[in-house]
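For reference, the chain that follows is the form predicted on its own, supplied as structure tokens.
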Amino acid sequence: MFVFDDAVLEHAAPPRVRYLLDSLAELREWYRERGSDLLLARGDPVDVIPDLAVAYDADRVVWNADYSGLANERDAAVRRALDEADVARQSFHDAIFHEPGSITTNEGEPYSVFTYFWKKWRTREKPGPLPAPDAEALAAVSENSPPDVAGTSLPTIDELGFAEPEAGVQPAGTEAARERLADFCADGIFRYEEDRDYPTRGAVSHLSADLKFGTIGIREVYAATEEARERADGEEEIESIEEFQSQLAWREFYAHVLFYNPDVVDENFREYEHDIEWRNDPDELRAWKEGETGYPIVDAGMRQLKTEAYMHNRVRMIVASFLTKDLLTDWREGYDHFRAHLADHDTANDSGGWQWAASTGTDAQPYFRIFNPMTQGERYDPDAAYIGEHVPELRGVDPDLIHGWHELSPTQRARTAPDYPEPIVDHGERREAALAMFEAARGDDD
């Protein structure tokens, strides 16, 4: 059963709704091939689920727990409604390996520093994936189902209140996810530590949306990494696999942070003595969103987001640092934009990542460590292949000129790439302004 919950859809966006619908279409077909089906309904789960359970004379209702504030409130309300309807129910832990509260400090407090969380996470036992139910069991569940209890056709994206996304979303569903996992574990995972920060080297898994939507489980992913460990050729490849596993732990760390601090979605985790006086210039924010800042690696990332509903992780850090430290714009503006355009938007990961970049979160980047967008581009896209792919105005331009764009004269820029904008801010000046802004928030001048 899947319920389209309007309270959840309020927080959705076209790329994620498209990904959801494509994933559900595959899942429904999987059930039908085995003599079962996927029930579809729309409404408040508190009303819909007990009604369906009673109509089907269900022995019990089961689901996997989620850990956001909205999910916790929803699940609690559904539990109460099922109890009132005298329907047995049971929730399971599966979205992450270790439930919130199971990895804590020696004093029993949740961690706010990843390194210590990771040390315990990596040594805990990881259960393996469970087998799928066989066709006979699924058919037995469905044989006495009354007709027309729920709609049999998926709603269109338009019926759910969304337009088709402008971006081309990657193939969704479990089959595509398993193909991505297999491809990654055949090659990229062995180069992950060395190549993951380079957006053109193909050393990332592209599994973030799959893990977010549950089209592949964390157990299956981790088991595949352990199988890759058995094939590793030397210590460097083993360290590379462990580096990827640490990224799985980061995902879990942020889920724990969100569980204990549901306000981190829109409030700073870290408190400063004074409010941070963000600049929040609307024209600069618009230029950032459109990929027209005049900083090539930043613009490439923002345009990839617009066309693919995805952005490489290193570039996510660069564009987040640029928004908060160069444009002095509140991280919440960036979080909202990512939420509207990413297919893999995850509340815990994205709020954690944005607050890390803005120096307001758990285990955050120190406020005085500010990414230089020019050197970041030169280091991680030295031949400007990524930039050229996503910024056509700079395609074919000498990489030295691209990475030195901020130093060119107006005449040189007009001659080199007349349709590409000049830098909208001076990085050096804004770096000093950012330091002053955070020092004032810290009360260093008091």
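If you're wondering where the values come from, they're calculated on a predicted model, not measured in any experiment. Heads up: residue numbers just count along the shown sequence, starting at 1.
One more form of this protein should be noted, the form predicted in complex with a small molecule, which is absent from this view; the next part is about it.
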{"query": "The small molecule contact at V257 in the model of the complex, heavy atom, 4.5 Å", "finding": "no"}
{"query": "Interface membership of Q304, the small molecule in the model of the complex, 4.5 Å heavy atom rule", "finding": "no"}
{"query": "Contact test in the model of the complex: A167 vs the small molecule, heavy atoms, 4.5 Å", "finding": "no"}
{"query": "Distance check, E308 to the small molecule in the model of the complex, heavy atom within 4.5 Å", "finding": "no"}
{"query": "Complete contact of L207, R251 and G353 with the small molecule in the model of the complex (any heavy atom, 4.5 Å)", "finding": "yes"}
{"query": "Heavy atom within 4.5 Å of the small molecule in the model of the complex - the one residue of K289, H345, R332, R89 that qualifies", "finding": "H345"}
{"query": "Selected contact from F338, F162, Y111, F97, since only one has a non-hydrogen atom within 4.5 angstroms of the small molecule in the model of the complex", "finding": "F338"}
{"query": "In the model of the complex, segment of 207-215, 232-240, 171-179, 78-86 with a heavy atom within 4.5 Å of the small molecule", "finding": "207-215"}
